[in-house]
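One chain comes next, on its own, written as structure tokens: the form predicted alone.
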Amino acid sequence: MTLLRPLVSRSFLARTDPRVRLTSGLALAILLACLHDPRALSAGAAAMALLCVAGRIPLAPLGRRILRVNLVLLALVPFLLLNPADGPGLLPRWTLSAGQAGIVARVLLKGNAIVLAISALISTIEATALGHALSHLRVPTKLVHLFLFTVRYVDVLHLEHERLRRALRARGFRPRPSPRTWRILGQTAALVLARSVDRADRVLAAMRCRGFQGRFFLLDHFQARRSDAVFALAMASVAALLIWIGRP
């Protein structure tokens, strides 16, 4: 559930228009995913790291997020890149060629740069402000509502799952590799799903009683300032520099 919680920033990032941060973060993430030159990827990762430092992003949650991403990427390396090489022994000798090592390095650079960009520019936006920004950017209303309700109720469903787990442990259930264990786990997942559907019906009925007609009314609107234009220009300059470095 920690991935849905915003990173607190008490710097110029917190005062920048969420629309500018959202569009800049998405554009840089897409650009970094499309780059292949190691120099451009290294420059992008360094630039995003400097932005995190300048934005006073808390190091502990940021470090945990980067560690999880790197563990996932490293776990995929043996399945994607390592090939058995012919050797004198009875067992195959696993080697990593120079070209494959370059691919691993590029994947790690891309993953870290994208995580740093999203952490600095998007994860510092509160959920309600992010939904507001998505609405201003003409994202379909149903998708905005789905995002806001997911952020609002994902912790509730997580706590419901934790209560079921505690109830199972109190009754002596211990997971084992057996058909009975898989049956109980499937029944638990089905129960969480059924309770989530029931809660969704109750929430919808309560909202209709309060006059909900398919859209949220926004009382406060974002006001773009000169500093927001300067920040957008700076991010565009970073993107242009990365494209220039990574040119063939």
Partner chain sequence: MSAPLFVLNDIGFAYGSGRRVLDGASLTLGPGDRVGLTGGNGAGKTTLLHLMVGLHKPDRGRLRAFGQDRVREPDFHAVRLRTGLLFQDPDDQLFSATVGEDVAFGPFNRGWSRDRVAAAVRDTLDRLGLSGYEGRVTHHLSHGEKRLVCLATILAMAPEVLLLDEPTDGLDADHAARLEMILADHPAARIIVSHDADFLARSTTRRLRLAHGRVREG
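As the structure is a computational prediction, the values presented were derived from the model and not from experiment. Numbering follows the first chain given and starts at 1. So that the term is clear: the rigid core is the largest set of C-alpha atoms that superpose within 1.5 Å between two forms.
In what follows, reference is made to the form predicted together with the partner chain, a form of this protein that is not presented.
**Q** Check whether residue 54 has any heavy atom within 4.5 Å of a heavy atom of the partner chain in the predicted complex, and answer yes or no.
**A** Contact with the partner chain, no.
**Q** Would residue 216 count as a contact of the partner chain in the predicted complex, using a 4.5 angstroms cut-off between non-hydrogen atoms?
**A** Contact with the partner chain, yes.
**Q** Can you work out whether residue 46 and the partner chain are in contact in the predicted complex, taking contact to mean some heavy atom pair no more than 4.5 Å apart?
**A** No.
**Q** Should residue 39 be classed as touching the partner chain in the predicted complex when contacts are defined as heavy atoms within 4.5 Å?
**A** Flag for residue 39 set to no.
**Q** Considering only 180 to 206, what residues come within 4.5 Å of the partner chain in the predicted complex, judged by heavy atoms?
**A** Residues within 4.5 Å: 199, 202, 203, 205, 206.
**Q** Given a superposition on the rigid core, I'd like a yes or no on whether residue 128 shifts its C-alpha by 2 Å or more between this form and the one not shown.
**A** No, the C-alpha position differs by under 2 Å between this form and the one not shown.
**Q** Using the rigid core as the reference frame, would you say residue 148 shifts its C-alpha by 2 Å or more between this form and the one not shown?
**A** Yes, shifts by 2 Å or more.
**Q** Once both forms sit on the same rigid core, is the C-alpha displacement of residue 159 at or above 2 Å between this form and the one not shown?
**A** Yes: residue 159 shifts by at least 2 Å between this form and the one not shown.
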